[in-house]
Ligand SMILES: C[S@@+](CC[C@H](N)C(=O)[O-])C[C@H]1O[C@@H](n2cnc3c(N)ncnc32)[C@H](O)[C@@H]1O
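One chain comes next, on its own, written out as structure tokens in the form predicted on its own.
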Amino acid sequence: MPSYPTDLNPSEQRLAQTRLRELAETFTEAGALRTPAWREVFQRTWRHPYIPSYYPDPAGPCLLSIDPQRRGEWLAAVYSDQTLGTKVVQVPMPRALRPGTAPILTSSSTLPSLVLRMLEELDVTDGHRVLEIGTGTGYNAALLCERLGSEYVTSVDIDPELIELAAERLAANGYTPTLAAVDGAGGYPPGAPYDRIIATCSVPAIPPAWLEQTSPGAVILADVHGKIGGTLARLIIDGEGIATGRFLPLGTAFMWLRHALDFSPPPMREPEGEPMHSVTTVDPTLLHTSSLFGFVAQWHLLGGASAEGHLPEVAWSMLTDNGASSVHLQASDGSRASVHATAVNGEFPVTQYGPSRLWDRVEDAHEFWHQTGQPPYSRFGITATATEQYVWYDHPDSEHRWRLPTPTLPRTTGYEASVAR
């Protein structure tokens, strides 16, 4: 077997094994590890082969395992409970600031405690066929292979380089899952049907291809949310191909599922008409500092249960200029809302443009939020079919329902893939 930058000497191996045992104990006490099978898998599976380098800061230099001055720091980070950024690309800045570029993190190794919580929620048993959306470093695929066997694991990623590297590192450690460089929204038809689908990326709604490629009783575990914040949803497929389930009480922040390797911003119409000025008593920073409220507000921003007034996308940002902060909302129909984060006599100035009054929807969400007693994630769920999807409060037939954008990406026809075994 060839030597790799991540090969450990005996002393380093002992340290890594000690850290795995310590982490396993910590995760068991915290509830991230609940079954003996996954605890054994975690302690048997090295993490370091999949992270030969990482970025402590996306805007800074990469920390390399081959750097003798920082090798101890590298190993300590790999065997700790933290997310490590593993690929950064430079993308063009907004037009007014070009030709400048900015670093964007495009791949990472998720903190092990969250990885294990997700694998426990997946509830696999021997013989289950699993599709992973988002191969990344390959570490998660390694855990699945160690638990189920390589022949039962398929993992896809949009980035061919990540697939090539993951295949090399997995094979060096004895794992040979099916890996494909494809758009994860299309799943992987050649390996269907699947008993489990797990996404290590965020999606605005469940892609129809995932529903088509699962068996009755299958589980889909994915981070479903709008542009503000969200958490994992665990859905079960019924005999008619309908997925229903609840959100889990875990705030998450995965990278978005990408459909291309470039980072072209989605088209947004320019605001039209005269601005409307008003004030609000709702602190706009709640969208940022309260993930639970942001989670609720984003569904109100997208719209109600009917198609009327429904928005396929609303972006959120917070800007600071000379110490003064403001929150900005931007919808694909040209609607805008800007709210100053500094109150005057308990009121925050609001400016809105366009056909949809975005901040009015946030205020509706705030009223709902308080009337329902600030409900946790688990009070909300999703029902998804191939043609329509809803987030609901308390139960699927609730009067409080919000439509999710219907994915329009290719499903199962004209399929091509670059596959590594």
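Don't overthink the numbering: it's just position in the shown sequence, from 1. Everything numeric in this text was worked out from a predicted model, so none of it was measured.
Another form, the form predicted in complex with this ligand, is not on view; read the next lines as being about it.
J.: Are 106, 135 and 256 jointly within 4.5 Å of this ligand in the model of the complex, each by at least one heavy atom?
T.: The answer is yes: all three residues contact the partner (heavy atom, 4.5 Å cut-off).
J.: By the heavy atom within 4.5 Å rule, which residue out of 314, 235, 158, 205 makes contact with this ligand in the model of the complex?
T.: Of the listed residues, the single hit is 158.
J.: In the model of the complex, which of the listed residues (226, 177, 112, 184) lies with a heavy atom within 4.5 Å of this ligand?
T.: Of the candidates 226, 177, 112, 184, 184 is the one lying within 4.5 Å of this ligand in the model of the complex.
J.: Specify the contacting stretch among 137-145, 330-338, 274-282, 69-77, defined as having any heavy atom within 4.5 Å of this ligand in the model of the complex.
T.: Flagged stretch: 137-145.
J.: At 4.5 Å between heavy atoms, is residue 211 in contact with this ligand in the model of the complex?
T.: Output for residue 211 is no: heavy atoms all beyond 4.5 Å of this ligand.
J.: Does any heavy atom of residue 162 come within 4.5 Å of a heavy atom of this ligand in the model of the complex?
T.: Although this ligand is absent here, residue 162 would touch it in the model of the complex, with heavy atoms inside 4.5 Å.
J.: May I ask you to state whether residue 154 is within 4.5 Å of this ligand in the model of the complex, using heavy atom distances?
T.: No, no contact at 4.5 Å.
J.: Contact with this ligand in the model of the complex for residue 201, defined as at least one heavy atom pair within 4.5 Å: yes or no?
T.: Taking the distances in the model of the complex, the answer for residue 201 is yes, it comes within 4.5 Å of this ligand.
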